[in-house]
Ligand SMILES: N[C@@H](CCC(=O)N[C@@H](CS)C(=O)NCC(=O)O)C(=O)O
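Quick setup: one chain, the form predicted on its own, written in structure tokens, and binding and motion questions come after.
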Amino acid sequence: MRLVSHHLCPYVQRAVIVLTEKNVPHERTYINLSEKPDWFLAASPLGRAPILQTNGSTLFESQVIIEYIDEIFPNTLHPSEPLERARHRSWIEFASSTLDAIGKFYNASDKDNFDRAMDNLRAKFESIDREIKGPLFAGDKFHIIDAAWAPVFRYFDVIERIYNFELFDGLENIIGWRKHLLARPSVKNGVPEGYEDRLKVFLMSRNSYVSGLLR
């Protein structure tokens, strides 16, 4: 199995975490998404990362990749009960929406847009905080939803070493969940060497309100 993505892509982190949790050997290839090679564009009809190359076929879209991995290898990382499984999938989609909101947060051009982005992010974190059982999302067992939210928290693991935006203040369920996730070996292994420095450079180069605060 070969995953192809960008060094900073949060979506490939989900797939890497799931593969690691299931002890599945895999390779990772990183490309520059601003200069996508022709072979990648031919393999990814939507032009997005990640893609998974396996058994002569290519899969695209991170959640499709993750569901495939979970199906073909034993010990599913989804809940067994259908309604709870569907609920997890709903909050996985919410994690993707939160990643979009993080993009608006670090790209906000001025304080007004930044404040709106902060309010939106805080509201999202308050929503998910009410759903967490702890220490992970649904108790002690690791699920795909944990893999989906780990890249969200990783952004702030890096950002808060430079500047604390206090987005998680008072959200004790998230604080505990985040701590457990970021200490987990599969999550630590989810990014390539040099990720933190690359993310800092990326954030500081945005010419945005946040980049000014981080300098």
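Fair warning: this is a prediction, and the values are worked out from it, not measured in the lab. Position 1 is the first residue in the sequence shown; the rest follow in order.
Here the subject shifts to the form predicted together with the named molecule, a form of this protein not shown in this document.
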Check whether Pro185 has any heavy atom within 4.5 Å of a heavy atom of the named molecule in the predicted complex, and answer yes or no. no
**OP:** Please run the contact check for Ala43 against the named molecule in the predicted complex: heavy atoms, 4.5 angstroms, yes or no?
**Re:** no
Check Asp70 for me: does it contact the named molecule in the predicted complex (non-hydrogen atoms, 4.5 angstroms)?
no
**Message:** Even though the partner isn't displayed, in the predicted complex is Leu33 close enough to the named molecule, meaning a heavy atom within 4.5 Å?
**Reply:** yes
Candidate spot Pro151, Pro192 and Tyr195, all three in 4.5 Å heavy atom range of the named molecule in the predicted complex?
no
Within 4.5 Å of the named molecule in the predicted complex, heavy atom basis, the matching stretch of 59 to 67, 22 to 30, 171 to 179, 157 to 165 is 59 to 67
Near the named molecule in the predicted complex, with a heavy atom at 4.5 Å or closer, the residues from 1 to 35 are Cys9, Pro10, Tyr11, Leu33
